[in-house]
Structure formats: structure tokens, C-alpha cells
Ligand code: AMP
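Listed next as C-alpha cells is one chain, alone, in the form predicted on its own.
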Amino acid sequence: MDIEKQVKETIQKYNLIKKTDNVVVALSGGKDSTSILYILHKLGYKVQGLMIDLYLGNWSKIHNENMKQFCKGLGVPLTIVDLKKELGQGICFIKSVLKKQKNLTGCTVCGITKRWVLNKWAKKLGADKLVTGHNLDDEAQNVLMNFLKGNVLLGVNSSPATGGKEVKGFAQRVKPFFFTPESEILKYAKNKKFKILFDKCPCAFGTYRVETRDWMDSISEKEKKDIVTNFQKRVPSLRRDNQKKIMECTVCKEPSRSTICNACKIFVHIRR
């Protein structure tokens, strides 16, 4: 598979990015976000990197240094947000407190925290688009997990592009890898000899997402694509029938679907 060609086609088909856009790429240091930054830069888009230092020990230190060198080599600006300066604690402490206080899984806490920080900082950087490295496997996992939880509406915003100027307060998120299998991205990153860690997150074990991901390794790329494309056919009607007003969080002033955003609902437990 020519994933550079597929990215280009996905961008064009869904009008994800314009050459005049200020494109901020959310970097984790892994194969997906590193590859999409490289491809967008190669295609001539004005890109910059945005990374969060989660303070996951040596794992974070290596990722941070790798991305500094990678972006420097491309001539791409990189902003690294210090989570301890932002929230007062590293992600491990935050997750441990919320596991005890709210019985939330590490992946849930990490996801809410990163989305909040990335949206806030993407706006600070003047982003027209916030690009993430989510791939076909990620999207298929989301559809299946939401179905098994009995709440497919959790995926109502699933698409190659979410948010936008019509949604006040949200930096528009786009996913050029939406239809690209993870296995193809892995091949691409290794062929390009990117200096990155290919290990999974050290905290990613024993969670519902990990169990779902492990099961989905047993099905074909075609079946994964069928899951995602078939659900996409339902997304417009789900959105139309389940529209929720976007308001301003009374605590942090970030956009929210309730008076207090999900991030502030959990941050209160680490700020006591």
C-alpha cells in the first residue's frame, strides 16, 4: 500500500487540510504521529509539532528527545507542554488518584487529559487544524468498544474531521490516517528508519481497549475497514438526532457539552 497516496486522497476527499492552513500535529513520539507529520511535511503543508511531556519516566524522556531531533531535522517547530507545569502532576500520579477516587481506567484518564491539553495548546499556537495519528485500527476498536458497552452514541463524532469553526472553542481535529491500517504505518515507519520507539505505552495493559485491540488483531484489514465504513454511514443520522449544545466550561472556560467539562470533573480530584 502507498500510504502517502492514501493520505493525499483522504485529505482531498474529505477536505481535511488546505495548503494555507496552520497545521499542528499532535505528537506522541510513536510511529503514527511521527509518520503523519513526515508525510504532511513532504506534501508541502505548513506543519508544526505539539507534544505533551507526560512524565512516564525514561519512556517519555526518550520520546521527547527523539521528537526534538526529528523535528529539527525536518526544520519543523516543536512545542512540548510540561504536564506538571500545566496540571501540577505527571500522568502516573493523576491516574493513580483517579483510579482510587473515581475508579477510572488509566486510558480513560490519559485520553481526557491529553484531549484537553491538546485543544488548549493548539488554539494557543493558532492552529487551523489539529492533526492526530489515529488510524483504521483505532477507529475500528472505538466502534466495537462503544457497541459492546451498549452506547454507540459515544462515537457520534467519529469521522476524518471533527469540530471546526462552527463549533466554538474546539480546534478542528483531522485524521488523515482514518482509513490506513496500523500494519501499513508500521511498515512505513520502519522503511523510513525513523528513530523512534516502537513499544506500546508502558501503561497500556489490562484495560478494555487493550483487550479489544488484542482481539481485533485476529481479523483482517478488510473486516476492520468494513466496521469503520459501515459505521460512517450511520454517523450523519446519529449526529442529526443527537445534537448537543456546546457551551463554555464554568471552571476552565474550554468548550464542553455540560456546565463542567470532563477534564475539570477529574482534575478537581488532583487539585485538592
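Since this is a predicted model, take the numbers as computed values, not measurements. Position 1 is the first residue in the sequence shown; the rest follow in order.
Below, we turn to the form predicted in complex with adenosine monophosphate, even though it does not appear here.
Participant: Just one of 127-135, 189-197, 68-76, 87-95 has heavy atoms within 4.5 Å of adenosine monophosphate in the model of the complex; which?
Facilitator: Of the stretches listed, the one contacting the partner is 127-135.
Participant: Let me test this: is every residue among Lys99, Thr113 and Cys264 within 4.5 Å of adenosine monophosphate in the model of the complex, going by heavy atom positions?
Facilitator: Per the other structure, none of Lys99, Thr113 and Cys264 touch adenosine monophosphate.
Participant: Though only this chain appears here, would Leu144 touch adenosine monophosphate in the model of the complex if you measure heavy atom gaps against 4.5 Å?
Facilitator: Outside the cut-off, so no.
Participant: Leu37 versus adenosine monophosphate, in the model of the complex: is there a non-hydrogen atom within 4.5 Å?
Facilitator: Answer no; every heavy atom of Leu37 is more than 4.5 Å from adenosine monophosphate in the model of the complex.
Participant: Taking any heavy atom pair closer than or equal to 4.5 Å as contact, tell me whether Gln48 reaches adenosine monophosphate in the model of the complex.
Facilitator: No, Gln48 sits far enough from adenosine monophosphate in the model of the complex that none of its heavy atoms falls within 4.5 Å.
Participant: Is Ile52 a contact residue for adenosine monophosphate in the model of the complex, using a 4.5 Å heavy atom cut-off?
Facilitator: Yes, contact at 4.5 Å.
Participant: Can you work out which of Ala161, Leu118, Val109, Val156 has a heavy atom no more than 4.5 Å from adenosine monophosphate in the model of the complex?
Facilitator: Exactly one residue meets the criterion: Leu118.
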